[in-house]
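Only one chain is given next, in structure tokens, and it is the form predicted on its own.
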Amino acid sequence: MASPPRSLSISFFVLLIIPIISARTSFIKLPGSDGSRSAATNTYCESWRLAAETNNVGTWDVIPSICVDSVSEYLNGDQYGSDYGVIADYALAFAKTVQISGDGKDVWIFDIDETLLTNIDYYKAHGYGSIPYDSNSYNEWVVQGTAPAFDASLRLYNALKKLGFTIVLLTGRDEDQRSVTEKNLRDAGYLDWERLLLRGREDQGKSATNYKSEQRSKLIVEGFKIHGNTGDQWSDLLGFAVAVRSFKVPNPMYYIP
């Protein structure tokens, strides 16, 4: 039998090696670079979320774009509530070891947004933190006053009240949002706090860490003893005049210095 023409031999050879090259190149694509979800993407996003929660990422503005689906699944699934509940349990276990003096000076501080109230409905519409923060649209959401409570936080809040703690709410919201914030908190089930501290004119431009540290210092000068502090940001908890024990609840959507 005669040999096939040379051109046909070359074509046959090319057809053999093309699938080999294609298979090899698929192993060096970056996670999610083709828009798909992969095991590598999921693993990376879980690791990123852990690094962010433990304050190892440093200052960051938005979540990684490839992690939007991962963060969404976390926030809307069972794990978020479970993580929150475990932290509330640890906080309550510590609270039960505190000897309450009965003079009204034993304080527990709570942040509000993503600590007592959840704004997840707002962030669902804004990429779960993958879109840069816009104060105008966020404030429009706040004044609606419809943010619901976290079940675990409401449980912790009420348990602390029964133990005799004085509750102080310390938020980065502005003073002109006091009325809507108070109503939203009451509608969500939070009652009988001692003070609600919001940013005044003199606090504008201060970092959250400095602003909240200063407010805690004022409480200490008044003779209050800050036993516990719960917040979703490290800036809620760190700085000076800190609590005896601080408890950070999870929030992978944004970072406030």
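These figures come from a predicted structure and were not determined experimentally. For every residue, the number given is its place in the sequence shown, counted from 1.
As for the form predicted together with another copy of the chain, it is not shown, yet the points below apply to it.
Only one segment in the set 78 to 86, 97 to 105, 114 to 122, 142 to 150 has any non-hydrogen atom within 4.5 angstroms of another copy of the chain in the predicted bound form, and it is 78 to 86. At least one heavy atom of Trp48 is located within 4.5 Å of another copy of the chain in the predicted bound form. Contact check for Leu191: no non-hydrogen atom falls within 4.5 Å of another copy of the chain in the predicted bound form. Contact annotation: Gln204 falls outside 4.5 Å of another copy of the chain in the predicted bound form, judged by heavy atom distances. Among residues of the shown chain, Gly223 is not one whose heavy atoms approach another copy of the chain to within 4.5 Å in the predicted bound form.
Taking another copy of the chain as positioned in the predicted bound form, the residues of 224 to 248 that bring a heavy atom within 4.5 Å of it are, in sequence order, Trp234, Arg245, Ser246, Phe247, Lys248.
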